[in-house]
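Okay, so here's just one chain, in structure tokens, the form predicted alone.
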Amino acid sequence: MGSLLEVRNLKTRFYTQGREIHAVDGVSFDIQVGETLAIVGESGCGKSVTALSLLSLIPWPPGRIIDGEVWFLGENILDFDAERMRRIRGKEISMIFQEPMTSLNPILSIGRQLTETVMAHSDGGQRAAHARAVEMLAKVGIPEPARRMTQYPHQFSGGMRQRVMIAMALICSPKLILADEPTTALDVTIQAQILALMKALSVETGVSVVLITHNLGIVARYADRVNVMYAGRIVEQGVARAIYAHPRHPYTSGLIASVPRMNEPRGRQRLVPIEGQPPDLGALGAGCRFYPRCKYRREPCRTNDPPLREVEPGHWSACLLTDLEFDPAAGS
């Protein structure tokens, strides 16, 4: 197993009303062939902007990728021109967006949207594209796929629309799928079905998945590794189960503490929120960005901005505290 994608020092800025917003600020990570990598954090931490940056989908104005490299199959795709990037999107790297009802075209049938995707990236004809679309609808668990090809997005439930989006993402056999909050609008039962489906398809086809989510509760089950993001930066990296069992950054600990626990006695279930608000990404000061909200903060944290350091093999944390100063079991 080797690296499929290598992201190095990625920086994306937004310029609005005379301000410079540091949406993604020096992010680096790798994605291995066939693995599921989760990017976790609160809304506004830079998860979605990171994914859009990988495909050069940041609109100018107001946004711009100002630095960094994204190496895919040995080439820095940030150097590609617009036409070459269009050939990459959908065929080599696909994206599943948050809300399928706004991502699917309401005036085109599901079949047409799927077949157009195939024909845009292959030399086959309409018949071959239609057969491939029916095959993919069946693979993602949509009953009577040939009949559903003629229907429109409003005739599908939320879960079925999300399955269509997964089919569309997989239809050209990409090597990487970026799934941006793919279950946000779904109830918990359908969420579990969709996530299990994506994991199974990843194992079956060998496709790598970047799963973007704000819910650390789903990570241990469905992801192999995790990047925890806060204020445009990665503050913790490592194997999912290790991070869940032994977080080494106060922010990660706070995210875990805020996940409901169903095994607690009735009436004693309690959410433990992270106090305070994320920083203004247009007015960042010195020091650790989590400092104002951190219950373990020390004076050096106020002025020192900690880089990621390896705290144990394969586990990285951007925190000045040692295990003796930081008790993850207490939360944040």
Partner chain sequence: MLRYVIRRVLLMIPTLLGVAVLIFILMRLIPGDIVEIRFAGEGGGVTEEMMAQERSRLGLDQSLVWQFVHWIVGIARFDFGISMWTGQPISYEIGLRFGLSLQIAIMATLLATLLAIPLGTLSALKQDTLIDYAVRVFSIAGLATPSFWLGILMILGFLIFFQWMPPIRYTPIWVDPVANLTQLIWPALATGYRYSAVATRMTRSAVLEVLREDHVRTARAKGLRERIVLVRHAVKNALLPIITVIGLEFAFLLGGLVVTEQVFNLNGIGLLFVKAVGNHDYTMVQALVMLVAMVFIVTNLVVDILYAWIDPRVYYR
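Owing to the predicted nature of the structure, the values given are computational and were not obtained by experimental measurement. Positions refer to the first chain, counted from 1.
There is another form of the same protein, the form predicted together with its partner chain; it is not shown, and what comes next is about it.
- Note on the partner interface in the predicted bound form: the residue among P145, G238, G90, G159 having a heavy atom within 4.5 angstroms of its partner chain is G90.
- Comment: its partner chain is not present in this chain, but in the predicted bound form one of H246, R86, H214, R221 has a heavy atom within 4.5 Å of it, namely R86.
- Shown alone here, H154 lies within 4.5 Å of its partner chain in the predicted bound form, counting heavy atoms only.
- In the predicted bound form, at least one heavy atom of L57 sits within 4.5 Å of a heavy atom of its partner chain.
- At a distance threshold of 4.5 angstroms between non-hydrogen atoms, F97 is in contact with its partner chain in the predicted bound form.
- At the 4.5 Å threshold, heavy atoms of Q113 reach its partner chain in the predicted bound form.
- Considering its partner chain in the predicted bound form, the lone stretch of 246-254, 203-211, 100-108, 189-197 in range is 100-108 [heavy atom distance within 4.5 Å].
- Taken together, V228, V272 and L321 are entirely out of contact with its partner chain in the predicted bound form: none brings a heavy atom within 4.5 Å.
- In sequence order, M165, M168 are the residues of 164-196 having a heavy atom within 4.5 Å of its partner chain in the predicted bound form; the partner itself is omitted from this view.
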